[in-house]
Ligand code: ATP
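Next comes just one chain, in structure tokens: the form predicted on its own.
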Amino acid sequence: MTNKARLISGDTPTGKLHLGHWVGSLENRVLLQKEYECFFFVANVQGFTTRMEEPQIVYQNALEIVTDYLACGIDPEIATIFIQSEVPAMAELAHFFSMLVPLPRLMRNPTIKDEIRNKGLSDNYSIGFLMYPVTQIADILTFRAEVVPVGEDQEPHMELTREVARRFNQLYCGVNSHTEDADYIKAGGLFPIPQTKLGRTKRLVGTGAPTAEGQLLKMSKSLNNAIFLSDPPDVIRQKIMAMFTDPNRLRATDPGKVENNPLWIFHDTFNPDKVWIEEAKDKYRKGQIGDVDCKKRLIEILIELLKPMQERRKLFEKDKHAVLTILRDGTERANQAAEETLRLAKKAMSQAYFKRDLRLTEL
């Protein structure tokens, strides 16, 4: 462990990671891993909230995400990569934190409402599904993280995490409720009040058409509108050439719109040549350049961006044992940090009875 401020972030194993994950959080993780003491985890327990009948898929998806982490440039020598289910302190703390979250407050979380609607759960969701915002609180607070790189859609979870951190510090550590967030540790609190680090693109849109109301949907595997970090060049070409643009582009009175157009959102996000973008946008509006030319340019940019990631991915795909070893070693380090937090939390709550020492062994 170091004296650096801590940073934590993770992903639910729903499949391979895509460009939305990259600009939303992964890019920041790679950039910040030398500046902070970093913990990156696969939330496989959370994966069971909607795939409890497909445990093998959750397992395989978890390993795919670890492979994507390594391919993106996360360095296991300086960052800790671990699996959620093998750090029992997180589950114990989640149970304690659940006592600090009233059910009505939980149900006001807009992300919960969106998940229920988007996944068509209606009233058919489990207690475990409702608990996942609380487990996310434990994911962060167990490591006493100060910074959390996430996408914009996770901000409601972050606010709930801050509320619980304040409440615990006030209730069990005697911190005054009027204390500024930045001063909770100096005032005797156990948990820092974590702050969000948003990616340069708050929410990347997908490649598909908008809704009937004209709303562009965010990139998502479940919506079949994603470009994955592991997609080979021919798949990238196919997906970009089929990308939704402006259906009214050929009208003489309105040759082309760049606003709310996924093609140009992608260029603004991934194309480093800002001069080309502005010149091409002007031509596009005047009908002097077509979708195909602009898409071909975008294809070149994305293939170049993903090439080094995919080359690293191939190396790790050939050595699954190396991936599992990295994951085991990281999980051991994560347990050291988590057990220390649990010990201090139980002491603050007057529930410290014994000391324990956890170790991982081969199956």
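Just count from 1 along the sequence shown to find any residue number. Just so it is clear, the structure is predicted and the values come from calculations on it, not from any experiment.
This protein has a second form, the form predicted together with this ligand, left out of what is shown; the following refers to that one.
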query: Contact assignment for this ligand in the predicted bound form, among T80, T207, N169, T201, heavy atom within 4.5 Å; finding: T201
query: Partner-contacting position among V150, A280, L263, A145 - heavy atom within 4.5 Å of this ligand in the predicted bound form; finding: V150
query: Partner-proximal stretch of 280-288, 216-224, 184-192, 92-100 relative to this ligand in the predicted bound form, 4.5 angstroms, heavy atom; finding: 216-224
query: Heavy atom of N109 within 4.5 Å of this ligand in the predicted bound form; finding: no
query: is_contact(E115, this ligand) in the predicted bound form, heavy atom dist at most 4.5 Å; finding: yes
query: Exercise: Q154 in contact with this ligand in the predicted bound form, heavy atom 4.5 Å; finding: yes
query: T14: touches this ligand in the predicted bound form, heavy atom cutoff 4.5 angstroms; finding: yes
query: In the predicted bound form: members of 3-23 within 4.5 Å of this ligand, any heavy atom; finding: G10, D11, T12, T14, H18, G20, H21
